[in-house]
Structures are given as C-alpha cells and as structure tokens.
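Structure 1 and structure 2 below are the same protein chain in two forms, each given by itself as structure tokens.
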Structure 1
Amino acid sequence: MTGPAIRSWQAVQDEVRRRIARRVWKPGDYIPHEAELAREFGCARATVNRALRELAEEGLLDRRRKAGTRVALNPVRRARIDIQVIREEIEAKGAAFRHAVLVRELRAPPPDIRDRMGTGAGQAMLHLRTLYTADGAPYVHEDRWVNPEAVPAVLDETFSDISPNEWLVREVPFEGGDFTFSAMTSTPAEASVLSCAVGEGLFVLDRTTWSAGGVITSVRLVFHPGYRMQTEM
C-alpha cells in the first residue's frame, strides 16, 4: 500500500479507471489480480471484486478465471437507454399528454408480425393504432398487436381513459423483450397521421415483449420528425 487506503468499491473503481485513462495500465495489459489489489488498496477482496466486476460489465475490462484481468483492447461501450411510459416522457418535457385510438380491431396479423411474434397463421390478435400527442402536436404513432391468449383482459378494454402503452405496462407483467431502433421514410399514411411531409426521415422503435405465458405484444413506434433519444455514459 503506497498511498492512503482506498476502501470503498467506488474509490477502487475510480482509481482503476484513472490508471486505465492515464495508461498506467494499457489496453491488452494484465492488471494485478484481486488479492494483490486488495492488499495494495488496503481493502477486502470482495470490495475489489465488486469494482472490477462492474468495469467488466461496462466492457472496459476482460476477466477470465485463471487467466486474470486485462484492459479491453477495443472496449465495447454500453449505452443504456431508459424507455419509459410515453405519457411520462411527454409530461417530463412539461407538455400536455393525450392519446387517441385510431384503430381497434380483432384480426389475423400480417406475416411479418406473425414472424416477430412467432404465432400461428390463423390466430386473431387485437390490433391497435394510437396517436400520442404533446401539447396537441403529434408525438408518436403506435401500431400494436396484442396476443389475446396471453392477455385475455385486453378484449374488454376500450383504452379511452388509459393508453394501450400504459395499460399494458401496468397490467401485464412481462419478463423479456427485444428492441430494434431504425429509421424509415415517411409514407403518405404516416405523414398524414403525424402531420408531417411525405418523405421525411422518421425514428422508429420496434419492440416485442413476452412472459412465461407466451408472446404478449409487438409494437412499432414511429416518432415525429426531429425526435431524439439521448443517453449518457
């Protein structure tokens, strides 16, 4: 232990980050093993472990049993994106939230939706198209398919008071999902719903969620022009 003790896991993490940033430990280098760092810092190995484990999860370190810990060569940076309920996202900007259900029908989905949900060909789903507005301006257009086998109660809901987005988050527990971010060129139909020009670039989020009971819902959100999704690291 050369300097003052570094006893909290955050202090350890900061110190390790600093050494990597200052090239004391260079990309590809092995760093001392946990027990040795614990001795140097004057703390328990568990403390070092927690600090290093999180750095490994961030992609800054590569850790392998027996081999040891090394500074990652090409660090994979992990951006975390918080996806909250649309109403809260809009209200957080200080705007007035409203939603309007444009389409509500029970029918068999097109093939691409069947693919994504992994459901049978003839199976009917609840199809909902909803426009969410911020201070009256179109914010996002939601095109959603809900599996009534996984969520029978959805058939009794009119979604006049609560949006499909919020109702599902509140009422239906889900265990997993996948997200795809992309861009699309606005079609005349999208342009009309979002009150924008045809041929504008629009930000798109596709999401499919499931639980133990099977696939719950598959949804495409098409955002208004200029929408940005931000995150920090």
Structure 2
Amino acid sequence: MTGPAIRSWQAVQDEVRRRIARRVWKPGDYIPHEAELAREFGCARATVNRALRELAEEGLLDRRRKAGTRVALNPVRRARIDIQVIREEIEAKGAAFRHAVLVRELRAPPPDIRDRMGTGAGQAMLHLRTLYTADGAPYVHEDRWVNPEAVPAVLDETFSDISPNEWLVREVPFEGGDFTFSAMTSTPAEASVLSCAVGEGLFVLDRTTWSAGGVITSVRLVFHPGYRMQTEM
C-alpha cells in the first residue's frame, strides 16, 4: 500500500465502491481475497470482512462460500435481513423476555442437517432446542445445531444466563449465510411447545451461517401464530 493505512471498515467500503465505480473491478470480476486486501490497506482482516459484508448486503458484491467474492453482474437493491437478537425483539415490543433450553445434547445430526452444514455422517454437533417467551407466552421455538469445530467455545457454554441466539450473535463473527422462509401448520409437537391449536398456521425461518472456518450453525425458528416479520429495502 502506497498511502496511509485504512483503519475503519467504512473507509475500506468507500475504497471498494470507488474501484467498482471506476471499473477497476468490473461486473463479474473476482476481487482479491480478504487477507490480500487487509495487507494492501494496512488493516485487520475483520475490518475488510465487515466492509465486504455490507457491500454484499447492498447488492454490489456477490459472495459465495469457498468460491470467493466478485462484483455483481447486475447490482440490485436488496432487502436487508439482520440476524435479530430475539431478546431485543421481544423487549422492543414492551414484553418481558425469558428463554429456556429444553434440549442440550452432543450427537450426530440427521441427514438433512448434515447436508445443510456439509459435515460427515459421524461428526457430532451440539443440538439445542430453546423456547423463547414474551410475558410468559411462547414466542418462538428454536431448533439449532452448532458445529463445535468452528466454534469450540460453545461446548463450555450452558446458556443458562444468555440464550444460544444472543451468544452466537455477540460472540461468533460470520462471513455469510442463507435464509429460507416458509409456512407450516402446527402438528401436535409444535402445538404443545407453542401453546397453540393443532393445524394453526406458523411462520418458519431456516438459517445457516458460516465463516472461513466452516459452517457455524444451522437453525430452524418456528414462531407463534400471527407472527409477522418486517424488513427494509
């Protein structure tokens, strides 16, 4: 790097925007890896990661796990979807938050979870089922698998004082993820944990997040009847 070091992720973001706007990096071009950009800019790799994630969320970059980052062929304005801390969401509604870990076990996940997480048949994952409540009423049921190879510290956490959702958001940086939204009618199992009638419509969110060290977690969130999600463009 010939100029002064770039210290903030906003400054990195501005420089990447400039290069895209001036066609230094053209649509479809792969840009240098994070480590290479960090050396060039004289900053931490985490600073570059934050800048590129923000630009990917805006639609200027296309980031693919194991494939690298390239300038989007057709930049579009995308809806922004954050990984919400459920406690903050509930408290923002003026309700009292509580969480209870219903299941905590280390075992091999079923085939569909292995496919989503890209793990071997015998590899054990931490399985957590957690119920989140608002003013004592069921709000969302979380069925989560965490990869201890990517997050070794998770094996020492009991989640008695902090929920799995909040602990992962606060403690574990991620580089990318995918979301799937769907709807289902409650079976007796969902009706029991969410205190609703069998056959009621429920909103479902499936999410997988990853970092350079591999897939971090795969989670299914099943929300109480009537739940609505709002995002922004």
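By rigid core we mean the largest C-alpha set that fits within 1.5 Å across both forms. Here the structure is a predicted model, which is why all the values come from computation and not from measurement. One-based numbering along structure 1's sequence throughout.
Item checked: Chain form predicted in complex with the DNA, by structure number -> Looking at both, the form predicted in complex with the DNA is number 1.
Notebook entry, point to check: Can we say the CA of residue 29 moves by at least 2 Å between structure 1 and structure 2 when the core is superposed?
Noted result: After core superposition, the displacement of the residue 29 C-alpha between structure 1 and structure 2 reaches the 2 Å mark, so yes.
Next item on the list: Kindly check if the Cα atom of residue 170 is displaced 2 angstroms or more between structure 1 and structure 2 relative to the superposed rigid core.
Entry: No, the C-alpha moves less than 2 Å.
Check: Is it true that residue 219 shifts between structure 1 and structure 2 by 2 Å or more at the Cα, once the core is aligned?
Finding: No, its C-alpha moves less than 2 Å.
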